[in-house]
Ligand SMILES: Nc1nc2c(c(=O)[nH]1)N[C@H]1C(S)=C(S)[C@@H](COP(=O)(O)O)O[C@H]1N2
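Just one chain follows, in the form predicted on its own, and it is written as structure tokens.
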Amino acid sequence: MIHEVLQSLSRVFASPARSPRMAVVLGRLLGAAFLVCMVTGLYSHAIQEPQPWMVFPTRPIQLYQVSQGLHITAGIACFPLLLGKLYAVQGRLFETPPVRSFPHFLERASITVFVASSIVQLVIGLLNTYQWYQLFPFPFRQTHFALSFVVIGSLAIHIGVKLPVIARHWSRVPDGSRPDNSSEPPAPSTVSVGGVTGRVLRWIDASPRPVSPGASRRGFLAAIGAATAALVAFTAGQSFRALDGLNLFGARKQGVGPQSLPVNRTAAAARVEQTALAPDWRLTVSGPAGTRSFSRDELAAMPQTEVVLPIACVEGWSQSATWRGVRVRELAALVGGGPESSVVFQSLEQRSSYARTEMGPEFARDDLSLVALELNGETLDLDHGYPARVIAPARPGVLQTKWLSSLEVSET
């Protein structure tokens, strides 16, 4: 009886859009999006937590801006692609018997893990773009990083198991032929089942059948394409200026914020309002040749450099701005720093995992790396890091330390 019920349910879910060919088409788009997310995510993780042997490029200056923009945009595109993929294979949930062999068990187990981990990964990634961390009681960055390997690993197993099917349906099926497991509804069951179950089966068998397979497939793909394009267009403006006019749902909008630049973390949230505005604030710079201390006026009296660099945040938004201040390498040289020196920056903020950040030699010696005092021709706003902050090319916004209190220079 269960077998007949499952057979009838499979007829309910029969649709031109539910076929191996459609699953393969959507699967390779979804796989490409996840691969983009994985590569850009690993780069972001590495630059935030570098190993001693790692060296990162400082050019082009928009490198992290583009990389993280692609990461968030591809992640958002995964939502309709994943839902479309699940729709295309939904009928196979009612296959009988549920497990036919060990490879079949491996396939079902891998897809279960993949779907579950993907949904969690995408949802917490989306919540992170809006900084809604209170909605999940675990550290986002570590969880997101670990889950990425679960997603890619289960996807790799699934692809390996389904490789024969993928190869068979990779290209368009020639006219006049039909692939296995086609979308044509199976013939009605000849098994007679009485009672309530029989009435349920007869109701199921009477459900409408697709009329125009070609149009339905095109309509389904068009719907997935339109949904993906809309989500990307309405959010990617936070990462790519060309789409700013369409940015309806992005967490940040270009040009909106103090000094026409968005802010992730305010001085009030960081609890630095009093210490940052204290008249006796000084920047302590220490290194192999000793320690020196500078007031803001003394820093402003030093040779100033003006650069145009983007703020590119891990949440996906970015915007270029004009910064003016003292080169990091020139401050480091005052305490014995050289071309191979690294610099550790300490913020006035105390309760943050990014209150203390390290800048490798490749960034510290770069002419565009500054201890910035001005933004867009004005004194730094308090929310942008007054009295002084870090700005450097091709680095995440979380490493562009605000409300500086000290610099520690060391030879690597």
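The shown structure was predicted, so the numbers you read here are calculated from the model rather than taken from an experiment. Position 1 is the first residue in the sequence shown; the rest follow in order.
Not on display, but discussed next: the form predicted in complex with the named molecule.
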query	finding
Interface stretch in the model of the complex with the named molecule - options 37-45, 23-31, 383-391, 362-370, non-hydrogen atom within 4.5 Å	383-391
The single option of 122, 261, 276, 82 touching the named molecule in the model of the complex, heavy atom within 4.5 Å	261
In the model of the complex, the residue from 313, 72, 78, 331 that sits within 4.5 Å of the named molecule by heavy atoms	313
Within 4.5 Å of the named molecule in the model of the complex, all of 317, 347 and 397 (non-hydrogen atom)	yes
Residue 56, heavy atom within 4.5 angstroms of the named molecule in the model of the complex	no
Partner contact for residue 144 in the model of the complex: the named molecule, 4.5 angstroms, heavy atom	no
Interface membership of residue 162, the named molecule in the model of the complex, 4.5 Å heavy atom rule	no
Exercise: residue 401 in contact with the named molecule in the model of the complex, heavy atom 4.5 Å	yes
